[in-house]
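For reference, the chain that follows is the form predicted alone, supplied as structure tokens.
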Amino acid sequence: MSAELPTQDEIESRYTKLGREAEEGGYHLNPDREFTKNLVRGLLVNEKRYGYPSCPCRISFGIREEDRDIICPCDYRDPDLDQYNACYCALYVSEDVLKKHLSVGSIPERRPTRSERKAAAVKKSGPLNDTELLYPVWRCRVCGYLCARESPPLVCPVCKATKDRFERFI
């Protein structure tokens, strides 16, 4: 299956939209415009090919259910930003990278292999009782926003409070 290549207008439009959404959410796009636009091109190609914008730096299975973790912004963005100051493909970067205090280095792949993901799914497939959750619940101490994930977000999507303003709720 071949995907039609995105036009320059489509790339520019998505680039602008991603930049606006990133800043509104407390994130930053890589300041290298050409590099970032090439990533945006890859996202658009994948969106046309698969119907969803999977990470252009990872191998997609072409099955939304199996690729949910790499639909941009992927599940690994925040842990990568927290530990390496950029996400795996370096589309999103930390404030220090944005201000050129740090450069983007090599970022190891966090995504489990297909067989590791299937094994984890089998472990999690048992019934949960009222006290068992797959992920801890985090609460923003500023606005009360709740989210269930391995660690709190870098920035609250509601009030823009930083990660240190979250507490484990459950």
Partner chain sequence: MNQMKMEHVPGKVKGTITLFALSTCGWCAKTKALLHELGVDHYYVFVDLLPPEELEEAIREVEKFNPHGSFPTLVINNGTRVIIGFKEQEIREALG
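Positions refer to the first chain, counted from 1. These figures come from a predicted structure and were not determined experimentally.
Omitted here: the form predicted together with the partner chain. The next part is about that form.
Annotated contacts: Leu39, Ser60 and Val104 all touch the partner chain in the predicted complex [non-hydrogen atom within 4.5 angstroms]. For Glu109, a non-hydrogen atom is located within 4.5 Å of the partner chain in the predicted complex, even though that partner is not displayed. Under a 4.5 angstroms non-hydrogen atom cutoff, the partner chain in the predicted complex lacks Arg64 among its neighbouring residues. Although the partner is absent here, Pro53 is not a contact residue: none of its heavy atoms lies within 4.5 angstroms of the partner chain in the predicted complex. In the predicted complex, Leu81 stays away from the partner chain, with no heavy atom inside 4.5 Å.
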